[in-house]
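The chain that follows stands alone, in the form predicted on its own, written as structure tokens.
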């Protein structure tokens, strides 16, 4: 039995899909390992066909793996009871569009065994939480994809889950909606909810997640905290108070401008002092000097390569 500090633990998960008439089966997962610590937001990344959605479906019991073991809340996930404390948002949630959000969530609440008075109270709360309170009694047949995505997130939160599994939660949302979802996920994490988030948006993962698991061809490539994975590089960034190009001829060979406005210089660690001396000698005002951290995009490309750049499932 696994410790309760790990909400989800996967060991050696394997899943093949049938290849059709006279075609070999296709491996989707080939010995996947994954851990999600309690109270964290963990991002699941990988190129197209890496096995992300298959992994989430195995966790939720929607498909059965050929081999491997899954633990939820310290108990082996052998039946539906182990998932009572979970909420799930699939990548493409489907609803009966003639229903209103309030009626839809009331139906889901009854399926979850919630008390009727609790359903009413919680429905109003989660719809307001995802920004759909004013549309609670409108039929969903005219809703945009982003609005339906918000309803999907509301249903995932309805039964007060301790663990959320979200597949592309920002899909279809406009930039403001994505910011609101990011803030919501942060507040949920701060409230003690554990989240596993699959997304093809690297910026979303980097902004909201505590840790990342990268999978490729059904297996693990890398995993750990973002702070550890996006290690500091042997480069420094020098931010200037005002644009300047006066010192360019005096800067060391390792220096380069990081922006078109000539307000940020990137330089190697060995040449940092030389670059600072040249900039200050030209009259430039230094705003900040910091060690440059690898971006998640750079890390992903280092591990997967550009053939996996479309980071979907």
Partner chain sequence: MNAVAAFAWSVVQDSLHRKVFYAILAFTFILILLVPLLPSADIGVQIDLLREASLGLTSIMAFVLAVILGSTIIPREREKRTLYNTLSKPVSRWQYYLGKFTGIVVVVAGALLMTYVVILLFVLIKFGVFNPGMAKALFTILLEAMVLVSVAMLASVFYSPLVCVMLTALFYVVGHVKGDFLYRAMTDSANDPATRAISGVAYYVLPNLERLNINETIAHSERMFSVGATELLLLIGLAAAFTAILLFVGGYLFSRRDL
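The structure presented is a predicted model; accordingly, all values stated were derived computationally and were not measured. Numbering follows the first chain given and starts at 1.
One more form of this protein, predicted in complex with the partner chain, exists but is not displayed; see below.
Exercise. Look up in the predicted complex whether residue 121 has a non-hydrogen atom within 4.5 angstroms of the partner chain, and give yes or no.
Key: It does not: once the partner chain is placed as it appears in the predicted complex, residue 121 has no heavy atom within 4.5 Å of it.
Quiz item: Using 4.5 Å between non-hydrogen atoms, is residue 194 touching the partner chain in the predicted complex?
Solution: Judged by the heavy-atom cut-off of 4.5 Å, residue 194 is well away from the partner chain in the predicted complex.
Quiz item: Would residue 60 sit within 4.5 Å of the partner chain in the predicted complex, counting heavy atoms only?
Solution: Result yes; residue 60 sits at the interface with the partner chain in the predicted complex.
Quiz item: Would residue 199 count as a contact of the partner chain in the predicted complex, using a 4.5 angstroms cut-off between non-hydrogen atoms?
Solution: No, no contact at 4.5 Å.
Quiz item: in the predicted complex, which of the listed residues (135, 235, 91, 206) lies with a heavy atom within 4.5 Å of the partner chain?
Solution: The residue from 135, 235, 91, 206 that makes the contact is 91.
Quiz item: Ok, 160, 183, 96, 228: which has a heavy atom sitting within 4.5 Å of the partner chain in the predicted complex?
Solution: Contact residue from the list: 96.
Quiz item: Based on heavy atom distances of at most 4.5 Å to the partner chain in the predicted complex, which listed stretch, 184-192, 171-179, 217-225, 81-89, is the contact stretch?
Solution: Correct option: 81-89.
Quiz item: Thinking of 15, 112 and 155 as the candidate spot, does the partner chain come within 4.5 Å of a heavy atom on all of them in the predicted complex?
Solution: Spot residues vs the partner chain: full contact, yes.
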